[in-house]
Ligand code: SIN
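Have a look below at one chain only, the form predicted on its own, in structure tokens format.
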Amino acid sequence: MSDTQTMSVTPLDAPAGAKVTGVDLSQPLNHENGEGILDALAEHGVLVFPDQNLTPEQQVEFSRLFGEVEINHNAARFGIEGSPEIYIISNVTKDGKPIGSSRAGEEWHSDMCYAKRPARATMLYAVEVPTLHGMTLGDTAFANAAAAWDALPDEMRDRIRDLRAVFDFTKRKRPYVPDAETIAKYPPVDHPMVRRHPRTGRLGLYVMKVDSTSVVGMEQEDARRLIDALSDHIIKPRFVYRHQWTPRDLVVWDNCTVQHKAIVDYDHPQRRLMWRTTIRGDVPV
């Protein structure tokens, strides 16, 4: 982009998130703006870029700012020809067949938490947003897991600081059955329940009710009780920002800082069409 353009990062009046203006993501970024975006994401957890006009190729190129762009295991069924990094999230059908995952992300989670190297960041580009009589549907909610850690009492922090949660891909409820190759790709893995951000060093909770299946070295009943309590703590209203989509919004979030959930309050004939890219992260510490 032209160096004469001035990028602005404005924190949202919410527990997480900032709006970024003055940058055209269809054009190459200069170094200063690229670093500014990386810093802003690490600080705010969610970045909203309104009114962007992007092709799939341009979204993939912008995604590379954050690291290696992954090809999702669903992309073979719900991808875009020529841009395999794009994974379509949609309830739209063509010739009687779905073009994307229609009910993805209905539970609170952090993307690819079941992988040895979970996603560093995820972005969604809003191509079509569902509405009903002028009311926007299909929001996405984000919970600030770093703020949730900060709010814990010292006794709980001391209890969980060195614990590790187990994530088992096979035990997550899904609207489809993963194939054997995908299951083999993601064997059970354990991650710290308190995760350090790779850019800022800030600590945040890394535990999810539907994905964390046990705690290393803990009896299952006690582990389940702890997982449920911490998961419910993270999603308390004081930690949650709910994004109401507008067509051409591009939203990117940091999977180390926030968890998210899709609000599926729409159905045919309301249409929702999103392009998703996912950026591979490091092994959590």
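In this text, all values refer to a predicted model and were calculated from it rather than measured experimentally. All residue numbers are counted from 1 along the displayed sequence.
Beyond the structure shown, there is the form predicted in complex with the named molecule, which is absent from this document and is the topic of what follows.
Looking at heavy atoms inside 4.5 Å, which stretch does the named molecule contact in the predicted complex, given the options 181-189, 204-212, 108-116, 163-171?
Result for this chain: 108-116.
I need to confirm a contact call. Of 99, 124, 75, 127, which residue comes within 4.5 Å of the named molecule in the predicted complex, counting heavy atoms only?
Here the answer is residue option 124.
Give a yes or no for residue 140: in the predicted complex, does one of its heavy atoms lie within 4.5 Å of a heavy atom belonging to the named molecule?
The answer is yes: residue 140 has a heavy atom within 4.5 Å of the named molecule.
Would residue 239 count as touching the named molecule in the predicted complex under a 4.5 Å heavy atom rule?
Because no heavy atom of residue 239 falls inside 4.5 Å of the named molecule in the predicted complex, the answer is no.
Spell out, yes or no, whether the shortest heavy atom distance between residue 104 and the named molecule in the predicted complex is within 4.5 Å.
Flag for residue 104 set to yes.
Evaluate residue 253 for contact with the named molecule in the predicted complex, applying a 4.5 angstroms cut-off between non-hydrogen atoms, and reply yes or no.
Looking in the predicted complex, residue contacts with the named molecule include residue 253, since a heavy atom lies within 4.5 Å.
For this chain shown on its own, do 16, 44 and 196 all sit within 4.5 Å of the named molecule in the predicted complex, going by heavy atoms?
The answer is no; none of 16, 44 and 196 reaches the named molecule.
Note that the named molecule is not shown here; using its position in the predicted complex, name the residues of 244-283 with a heavy atom within 4.5 Å of it, in sequence order.
Those in contact are 253, 260, 262, 272, 276.
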